[in-house]
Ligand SMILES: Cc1cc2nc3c(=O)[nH]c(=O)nc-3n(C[C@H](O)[C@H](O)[C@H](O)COP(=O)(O)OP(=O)(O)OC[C@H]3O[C@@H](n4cnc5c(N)ncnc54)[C@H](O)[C@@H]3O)c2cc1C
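Just one chain follows, in the form predicted alone, and it is written as structure tokens.
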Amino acid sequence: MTAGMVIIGGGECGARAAFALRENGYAGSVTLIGAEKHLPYERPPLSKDTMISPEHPLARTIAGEDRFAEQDIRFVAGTTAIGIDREAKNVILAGDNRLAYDRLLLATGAVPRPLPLAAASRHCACLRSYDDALAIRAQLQPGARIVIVGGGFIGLELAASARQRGAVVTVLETQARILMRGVPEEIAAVIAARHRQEGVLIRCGVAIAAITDKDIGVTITLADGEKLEADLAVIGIGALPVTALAEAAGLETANGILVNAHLQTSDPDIFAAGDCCAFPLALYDGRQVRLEAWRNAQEQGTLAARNMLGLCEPHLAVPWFWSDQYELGLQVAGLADEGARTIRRDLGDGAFILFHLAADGRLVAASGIGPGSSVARDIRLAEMLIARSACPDQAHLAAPDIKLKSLLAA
């Protein structure tokens, strides 16, 4: 009788891994431990559909109770793992209950990076969970003054949702522009212009000196002494990987739980995947990265499950990100900061793609923006070119009448 497979983390990655174990023929015990009381659910809608739905929004669950039962997966909700006994191969749960494992997957995710100035405020919030989303949504009323601290994806998606609900929105960003991490300036400029068209005030290069609660709302004092009044401040300044459990167990960490190409940690019987892990990307000469992305969580959950079963498959997927704001769809394949030169392809109706080439001509990333899904097909083809380390003709990349599919065939 074996101990079975244990997964800590009831989000996208952990849930996908649990089902992937069954899909790959594993017949032993599978236990999924989730800290939240809810069934595993999709997080991307939290900043978008959950905020703007005319009806009370329900969490978009990955699977219902019936599917967990059908697949004989034990889901333990509202439970926190507080330790790992690697020698005994036990997970220690709150209340000192122990759960034995043969292989263990850490899919503990990430949490919002705290802003110390906001720690004591009753009128500051962060968005990570479904419950967080409901609390923020309740305050997005017509005329409500919302200040969003941080001009990254989450902050800007929330800004778009808040405006669609009639709130008055200001975005504060300490850096020189929004979306500094991973999004080219040309695309960031399009998004900033669209927000301003909707009445969002975007202020870059500003620092916060103090956050002070009032009976109703909060006062945000900037470094130059200016004061902003808000009914709610939402803090969106990035995320931190949840690594405390791994660190306490003596596993190697550095901006995430360190894993090899097979998602194994420094303990060969413990794997890590999703937002919490830092892994090598073969496409970029083994560069160690940590990705906070929905598709990466799915892909790594599935890959971790296969490798927990001994298949030893390397992680080869191309990073991919997306964001929807108003009618605009943004997609990025690869790592744009690996590029030495950029080629632009205009697709019409304001849509365009930027192809990022390494010094040797390899396509290393593609960034696109346009109405709806107008860039989706070409970004997918670019992703395939990136995966092949292709060196496409630069003139052909720029020419919208030359189909990317033909470059893939070549």
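A residue's number is simply how far along the shown sequence it sits, counting from 1. Every value quoted in this text rests on a predicted model; they were computed, and no experiment measured them.
From this point on, the text means the form predicted together with the ligand, which you will not see here.
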Close approach of residue 257 to the ligand in the predicted complex, 4.5 Å, heavy atom: no
Residue 18 within 4.5 Å of the ligand in the predicted complex, heavy atoms: no
Touches the ligand in the predicted complex: residue 357 (any heavy atom, 4.5 Å): no
4.5 Å heavy atom contact, residue 110 to the ligand in the predicted complex: yes
Position in contact with the ligand when the complex is considered in the predicted complex, options 323, 170, 90, 264, heavy atoms within 4.5 Å: 323
Listed range touching the ligand, judged in the predicted complex by heavy atoms within 4.5 Å, from 64-72, 347-355, 29-37, 376-384: 29-37
Three-residue site 44, 79 and 297 fully in contact with the ligand in the predicted complex at 4.5 Å by heavy atom: yes
Sequence-ordered residues of 48-74 touching the ligand in the predicted complex, heavy atom within 4.5 Å: 48
